[in-house]
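As a starting point, one isolated chain is supplied in structure tokens, in the form predicted on its own.
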């Protein structure tokens, strides 16, 4: 099938972030920082690097802070310059989306009716051709952005729908949509379907779908006619699976590292990973590692309590 140019990226950011309450009571989860950079900023930078022209943020009326972060704040930058903080002024200008270069559109999803419904809310604003969907909760870090890899592979995969996928342990498949694999050619996996959150024994493979999609424009017709699925919501995976015969489905095993920053564990892992890459944090990490080593040597291992029972816990810092 013919492949078009991916010109639009959709960012579903309307979720309430209940797993991070009370932190997300007043601060959108997409603005929670990984070290000093909000999650949404990583997603924006990934889309810019991939060359998209239009960014559509499907938000909620209570999350106006996202729009303030995304767009340039000329008054704030002027104040910073007056106070001699030129470096911060430049950093904020660089982070904000330049509306002379990219179209920026905000649409509202007033009710939590599912990821598929969020994507459908953007329908009237997308540019012609396939569209990208980026879930900021999935932080994917690497020398080359995941979306850039997907857009580069898209013309060669002979499918209208391309999803990012990673091989996960079988006992974790119930947390993901999982591909039914037909064949594999390098990083590209040809699939004939997708199963949402299967049990370990029923999963058709261990290739899990994570939060990056390049979708044929027919996805919007599929979503408009899609009946509610799991949880009474419009599921994006159901609409993708419905188009397998006519549109085709492939997965791309990307080269970067993915962190599930919709969970506290994933957020902590991402922060530790990034801290290890920055010499500014060496002293902090070394001090923690030494104190833990000393505790083990002295047999005074800190205890973590779970379900009323005390259990020994440990943390390892991978080398490199």
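Quantities reported herein were computed from a predicted structural model and do not represent experimental measurements. Residue numbers count along the first chain shown, from 1.
What follows is about the form predicted in complex with uridine 5'-triphosphate, which we do not show.
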Answer with yes or no whether residue 241 is in contact with uridine 5'-triphosphate in the model of the complex, where contact means some heavy atom within 4.5 Å.
no
Answer yes if any heavy atom of residue 9 is within 4.5 Å of a heavy atom of uridine 5'-triphosphate in the model of the complex; otherwise answer no.
no
Residue-level question: is residue 58 within 4.5 Å of uridine 5'-triphosphate in the model of the complex, judged on heavy atoms?
yes
Residue 118, heavy atom within 4.5 angstroms of uridine 5'-triphosphate in the model of the complex
yes
With the partner removed from view, which of 45-53, 58-66, 277-285, 264-272 is the stretch that lies within 4.5 Å of uridine 5'-triphosphate in the model of the complex, judged by heavy atom distances?
58-66
Using heavy atoms only and a 4.5 Å cut-off, determine which of 97, 181, 113, 126 is in contact with uridine 5'-triphosphate in the model of the complex.
113
Can you name the residues of 13-40 that have a heavy atom within 4.5 Å of uridine 5'-triphosphate in the model of the complex?
13, 14, 15, 16, 17, 18, 19, 29, 30
